[in-house]
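In the block that follows, a single chain appears as structure tokens, in the form predicted alone.
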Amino acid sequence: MISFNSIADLIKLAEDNNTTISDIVVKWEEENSQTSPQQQYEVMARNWEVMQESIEKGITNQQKSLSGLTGGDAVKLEAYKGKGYTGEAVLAAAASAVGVSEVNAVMGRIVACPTAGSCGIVPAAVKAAAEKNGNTEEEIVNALFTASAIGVVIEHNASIAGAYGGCQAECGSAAGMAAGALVQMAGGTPEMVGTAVALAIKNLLGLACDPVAGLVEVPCVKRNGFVAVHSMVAADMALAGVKSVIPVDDVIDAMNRIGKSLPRAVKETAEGGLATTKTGLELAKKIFGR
């Protein structure tokens, strides 16, 4: 029976079997849920289809959310992407991530990966990478299995919920998942996957979850754009041979301990941070009348 409780376990299993982390997680899922690899592939391919649909809708969406706080920014980024400092691929990822998050804000269909508040990060980074690398659907789906395994480990050893661990648990986890997926898509080793996860998460440790008016819009939507790019940089560092001084599972442990120590005010309660700025309070009153 395949069993893993850490990223190190996943790396060792992949290396011992001369395969990828995605192959390990498919076999693990087959043993635990009695679903065949083909059935799993079909489900994940459908998830990828929904991700792409939400990106396409997002980068053309002009609809404002019910609160009026968000909507239309992905269109601006998409139009600007050939002009920026950071290059077209980076801005395309940012536009896609913001777009998916805006689709979420207008009650559209998204894939929570791992959460609705961080829904744009993995799809956007994966799509940008696939376009650059020319990855096949099979390679993309396999990378998403790797991302899912990373998410399973994080949830087991820390949290993916902003209400428990702050936004480091949501956007931080998504960054790690995306970075690991991107490394596999570029042909990186399982060890490089682990390094990318560590690099992506450790630079988001302590990130507050402070949604204005308690809505998953400000700063969440634009944060998805920033973090999608962050995950791409983490993947590039790992692929370049950069190492994380702190091993990935230690990083996840730190994430868990920091999440527990964060004040309740910055764990999705809207009782601190940006939510309690003068403007944040005024917006909450305007939206809810209190």
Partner chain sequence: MFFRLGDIFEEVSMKGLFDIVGPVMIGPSSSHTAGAARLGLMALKILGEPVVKAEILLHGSFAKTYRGHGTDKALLAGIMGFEPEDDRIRNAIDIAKERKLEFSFDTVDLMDAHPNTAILKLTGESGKCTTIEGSSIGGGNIVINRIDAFEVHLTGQYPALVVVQKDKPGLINKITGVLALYEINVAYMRVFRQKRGQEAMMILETDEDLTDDVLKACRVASGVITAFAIPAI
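Since we're looking at a predicted model, the values are computed, not measured. Numbering follows the first chain given and starts at 1.
From this point on, the text means the form predicted in complex with its partner chain, which you will not see here.
Within this chain, K243 is remote from the site of its partner chain in the predicted complex, having no heavy atom within 4.5 Å.
None of the heavy atoms of L205 is located within 4.5 Å of its partner chain in the predicted complex.
In the predicted complex, at least one heavy atom of V43 sits within 4.5 Å of a heavy atom of its partner chain. Put simply, L199 is far from its partner chain in the predicted complex: not one heavy atom of it is within 4.5 Å.
Using a 4.5 Å heavy atom cutoff, none of G87, L91 and E139 lies near its partner chain in the predicted complex. Note that among 184 to 192, 212 to 220, 72 to 80, 131 to 139, the stretch whose heavy atoms approach its partner chain to within 4.5 Å in the predicted complex is 212 to 220.
Residues are counted as partner-facing when one of their heavy atoms sits within 4.5 Å of its partner chain in the predicted complex; in 41 to 70 these are V43, M44, R46, N47, V50, M51, K57, Q63, L66, in sequence order.
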